[in-house]
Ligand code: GLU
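Shown here is one chain on its own, the form predicted alone, set out as structure tokens.
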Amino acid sequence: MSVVTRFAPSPTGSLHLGAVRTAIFNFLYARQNSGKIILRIEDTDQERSTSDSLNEIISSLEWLGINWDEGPYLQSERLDIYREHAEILVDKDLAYKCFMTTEEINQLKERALRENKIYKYPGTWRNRSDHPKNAEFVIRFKTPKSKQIKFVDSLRGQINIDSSNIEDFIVLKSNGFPTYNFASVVDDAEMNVTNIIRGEDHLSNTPKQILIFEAINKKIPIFTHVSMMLGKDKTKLSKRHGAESINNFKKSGYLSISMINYLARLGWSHGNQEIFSLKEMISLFSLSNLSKSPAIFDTEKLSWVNTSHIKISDNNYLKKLLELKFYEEIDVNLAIQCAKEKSKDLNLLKESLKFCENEYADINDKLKSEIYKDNGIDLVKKFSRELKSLEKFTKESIKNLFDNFLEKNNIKLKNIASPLRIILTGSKVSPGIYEVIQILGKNLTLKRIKYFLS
């Protein structure tokens, strides 16, 4: 049977990093096995689900390049399917209608609290047939008593749970909406999902879901519960650890491949290799290489991965991402090649290439005043005369020109490079001064110097 995975987020907020990592694992496993991945939106929590959240989930996945083969399916549009399955379970005496009111349940919970006990639904309506007319009810699953629920987790091995620890849980609420466990199983069965790859926080849901799979007589998928993601202080990942939404990482200048690469490596490994292309990850990914140990999210490591990917990225690809309009005389390929060597993110890369947009650099008054320090303006005038006579315009010849100029004037590189950089770029941050002059070319370099001096 062909591999079918699914990613099933709830549209109740931004797409957090743990969910994204789960999506990546499902995507890589499906692609590695020439299978398919389904996108399912679990929006049965109508009070918290929003269209804005749904749109952000879709746009985040599209930006990451995690493309799906089917969907997105919205559970809120599949209510008839869940209701039909619930009614079949009732007809088979595998589920029943429960007419307990909210007040009655709250009273039982309060009593359990007073007696220092854990509340568990007592099965009040499990075997009753005296159903009141026109009263609201929920449908509860009739959990088998003293049954050993057994399943194999591909990462954690054999797991056994005694059904005595599981109450008769709700599968269909009084408003007609299914509960998470019921909707999830029905959808996985209807969509022929073969592999469920999700966070270990869902491990407690699995026994209930196994019971539902058995009750509706459907094949149970292979479960893989991946480790949790923690902050560097070993606590649950949160915004204080830098765990922002994917959209915020995009705005901060991270490449999508950097995010996929880094998050995939949190819990998965292939030897000591750290930097992967998407093609490599698809080829090498294996569930057997996942770790049970918690994965530690580290913004510094993510930044290093991003820097590494920027350095090896195609210049034309980076040009599209930067959305800069380069001035016609600029050597664009050289500009990006030089700037990306020292850029940790796209924002810094873009900032360092601002000097390439127009004919002349935009220099603020504070920087202008610095040009006149330490005889800087006179040095620039002398240097421009030397530059005019330079015939061969390569990085090596430019460096030789600087070396001779420094020796002739008995100065250090910063004495001429600092004022010259400001005149040519309007900034103190840019590629090296040799590269800046080479990027601008002889004509534009002299033109900018002349414009400032005039």
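What you see is a predicted model; the values in this text were computed from it and never measured. So that there is no doubt, residue numbering starts at 1 and follows the sequence shown.
Same protein, other form: the form predicted in complex with the ligand, not shown, and the subject of what follows.
At the 4.5 Å threshold, heavy atoms of S184 reach the ligand in the predicted complex. At least one heavy atom of S10 is located within 4.5 Å of the ligand in the predicted complex. Taking the partner from the other structure, the ligand in the predicted complex has no heavy atom within 4.5 Å of any heavy atom of K142. Contact annotation for K368: none of its heavy atoms lies within 4.5 Å of the ligand in the predicted complex. Exactly one listed residue, out of K97, K109, H202, K232, brings a non-hydrogen atom to within 4.5 Å of the ligand in the predicted complex: H202.
Think of it this way: in the predicted complex, the ligand has a heavy atom of just one of Y360, Y121, Y180, F151 within 4.5 Å, and the residue is Y180. The candidate site formed by K250, H309 and D345 is entirely out of contact with the ligand in the predicted complex, as no residue has a non-hydrogen atom within 4.5 angstroms of it. You can rule out all but one of 194-202, 89-97, 122-130, 348-356: in the predicted complex, only 194-202 has residues with a heavy atom within 4.5 Å of the ligand. For the partner-free chain shown, just E42 of 34-57 comes within 4.5 angstroms of the ligand in the predicted complex, judged by any non-hydrogen atom.
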